[in-house]
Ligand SMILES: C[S@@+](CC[C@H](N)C(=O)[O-])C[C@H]1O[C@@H](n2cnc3c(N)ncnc32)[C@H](O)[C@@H]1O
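What follows is one chain in structure tokens, specifically the form predicted alone.
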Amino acid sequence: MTRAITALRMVVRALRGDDSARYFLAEKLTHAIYPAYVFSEYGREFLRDTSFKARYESLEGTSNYRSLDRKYVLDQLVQLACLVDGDTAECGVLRGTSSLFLCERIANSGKEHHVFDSFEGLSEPTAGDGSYWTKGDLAVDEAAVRANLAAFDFVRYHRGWIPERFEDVADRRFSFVHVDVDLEQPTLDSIAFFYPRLSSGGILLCDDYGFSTCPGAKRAMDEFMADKPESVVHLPTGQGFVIRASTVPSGGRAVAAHEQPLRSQP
């Protein structure tokens, strides 16, 4: 009886516009329908960032907020990259929303932003990628992406299948790289190319690292980083990232990443 009275009071509060009561009821209803889903704490301020939300909606619309938290994480991390030498890059651009936030942060910095995408959707998944994705998923017309990023004259487009266009930037350093290609082989190719080209303090962020729908992406990043000095930080948003450290040779001084020769990793 007590629980029923408490629930009734919560419903009354929700009907009167109490936001926390609405949140509580949404949590209870969701648990009844999908018990595996876990609500985060009530009152997170980033959800009240109307400016950020409006910019997200400008490209993603108002019916899909599934990547809102991931875009916010990217937007915050890029601020660290603004203090680091080197350009930025994104592998797998979709509509360009992540690149939009990236470009807004690095505008007037002198950095260039490099976009790598087939604009034909995903390549053929392998057995290690599971069964969630199929060839051609996530295809977006290049003209649409160019229109979405038209305000930024420092964006450079490299159309093609990963990694065939990476040599376009083989001689450059990078402060921030966003890898969002969902599948194992292109994730591995992206990390293997860009990791040695990150400046000290540069960030490589993998959008697909912690998703059961992208098992190959996590495997690729874990295996590549297994013998590296940095650890992969696994975020509850499903992202994983590394911050490029200075390396310390045995018996020698620390060598910053930007002092090391450029070379591809195996």
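Numbers follow the displayed sequence, beginning with 1. In this text, all values refer to a predicted model and were calculated from it rather than measured experimentally.
The form predicted together with the named molecule is left out here; the points below concern that form.
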Testing 146 to 154, 92 to 100, 106 to 114, 79 to 87 against the named molecule in the predicted bound form with a 4.5 Å heavy atom criterion leaves exactly one stretch, namely 92 to 100
- Message: Given that the named molecule is not shown alongside this chain, does Glu184 nevertheless sit within 4.5 Å of it in the predicted bound form, heavy atom to heavy atom?
- Response: no
Does the named molecule come within 4.5 Å of any heavy atom of Phe119 in the predicted bound form?
-> yes
Check your understanding: With a 4.5 Å heavy atom cut-off, would you call Gly160 a contact of the named molecule in the predicted bound form?
Key -> yes
ask   = According to a 4.5 angstroms non-hydrogen atom cut-off, is Asp69 in contact with the named molecule in the predicted bound form?
value = no
Those residues of 166 to 180 with a non-hydrogen atom no more than 4.5 Å from the named molecule in the predicted bound form are His178, Asp180
